[in-house]
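This document starts with one chain, in the form predicted alone, laid out as structure tokens.
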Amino acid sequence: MNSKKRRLGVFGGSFDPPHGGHLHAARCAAQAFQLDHVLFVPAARPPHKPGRNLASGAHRVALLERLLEGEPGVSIDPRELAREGPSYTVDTLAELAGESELFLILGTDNLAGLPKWFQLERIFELAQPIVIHRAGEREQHLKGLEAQLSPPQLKRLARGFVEWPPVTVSSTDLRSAVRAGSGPGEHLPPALEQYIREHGLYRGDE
């Protein structure tokens, strides 16, 4: 009997809205670390964004469904939307532990705040981080964290750095484009743009 655990990527975030950059990161991580599957986990209340109102969980899941339609090896996990209180990554990883070998997909924009994540040491015990970055950025990012992470944490983080041409787009920029009435660009697929327009999302202030 083959008892080898599947390699599971966990990609959490606001996904407000999700876009082509998110899908690109998932694909890069899956290829670089031979992941069997990637879970997209939309957060209900991201602890690092306490002052911003998000689109509802239902809207963000609907947008993710459109983004991921037809994409193999991915699915949406809504467990954080059903959980009370802030959406702590460590809780999600702890719930998934034992089922799979876990890999946590991070954006370079997550790194500055990473040392303040709730139970970071436990997160690193539960999952191998994966960071998709531009060529030449690795040492810069790691050097900026030297004083805040322990040597074992830095070593584990460094092991997950993947150099890959990035997709330069952010949810913040897309919300601003929608609010300004301009086209959101190529990284927001037409099905998502249509959904956002039909439901009047991102028209008001942040």
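From 1 onward, residues are counted along the sequence shown. Keep in mind that this is a model prediction, so the values were computed, not measured.
Form predicted in complex with a small molecule: not shown, discussed below.
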query: The small molecule: the contacting residue among 176, 153, 56, 170 in the model of the complex [heavy atom, 4.5 Å]; finding: 170
query: Stretch in contact, per heavy atom within 4.5 angstroms of the small molecule in the model of the complex, of 121-129, 87-95, 74-82, 104-112; finding: 104-112
query: 4.5 Å heavy atom contact, residue 12 and the small molecule in the model of the complex; finding: yes
query: The small molecule contact at residue 21 in the model of the complex, heavy atom, 4.5 Å; finding: yes
query: In the model of the complex, residue 196 touching the small molecule (heavy atom, 4.5 Å); finding: no
query: Touches the small molecule in the model of the complex: residue 25 (any heavy atom, 4.5 Å); finding: yes
